[in-house]
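The form predicted alone is given below as one chain in structure tokens.
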């Protein structure tokens, strides 16, 4: 039985909630360990701090203990209008705001000995299509930013490099209650996000090859 590790972040940037953490809380209470076509998997969940370095260190400890087959990080990106499956993480921390412990790195390598970037090893197009087919707005993103989410995605792929394990990252929009006083910001209901995430995880766990569908952009 495959083991899947999903991570969510605590609130940051002045917010009192983080939709990725709310998803993790919901999944703790949901019974959906059986995937389509009779395939089963173990689901493990981890809350991480929005802190450079510490987030990856905590994740690495659990990966060493749990030995998961698939690792997927989830994080809030208020500018997103859809579930955004990240294609690439770059080897730089360049923080617009400080993390939750006051660290604000500028142009700092995540791993000075590591590659310039890592591509997600998840079947990102298959995951996108599964969520879209379920009616949930979902896209491929070609930039995970330069904040803690990109830091974690790079860390996931750095830890898993050279193994048969796969991993990546998904950015999600604000929740409706987060944009009540924010003009021109999109949001997505938690139930819709949950539906899309379940389809994404089920698509990732099948072990099937990725599909060739359009996921690129013009900008």
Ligand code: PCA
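Positions refer to the first chain, counted from 1. Everything numeric here is computed off the predicted structure, so don't read it as measured data.
Just so it is clear, the following notes concern the form predicted together with pyroglutamic acid, a form of the same protein that is not shown.
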Pyroglutamic acid: the contacting residue among 71, 128, 148, 89 in the model of the complex [heavy atom, 4.5 Å]: 148
Which one, 188, 50, 59, 160, lies within 4.5 Å of pyroglutamic acid in the model of the complex by heavy atoms? 50
Want to guess which of 148-156, 60-68, 175-183, 190-198 is within 4.5 Å of pyroglutamic acid in the model of the complex, heavy atoms only? 148-156
Distance check, residue 84 to pyroglutamic acid in the model of the complex, heavy atom within 4.5 Å: no
Consider residue 141 of the chain shown here, and say whether it contacts pyroglutamic acid in the model of the complex, taking contact as heavy atoms within 4.5 Å. no
Closest heavy atom of residue 120 to pyroglutamic acid in the model of the complex, within 4.5 Å or not? no
Within 59-95, which residues come within 4.5 Å of pyroglutamic acid in the model of the complex, counting heavy atoms only? 75, 76
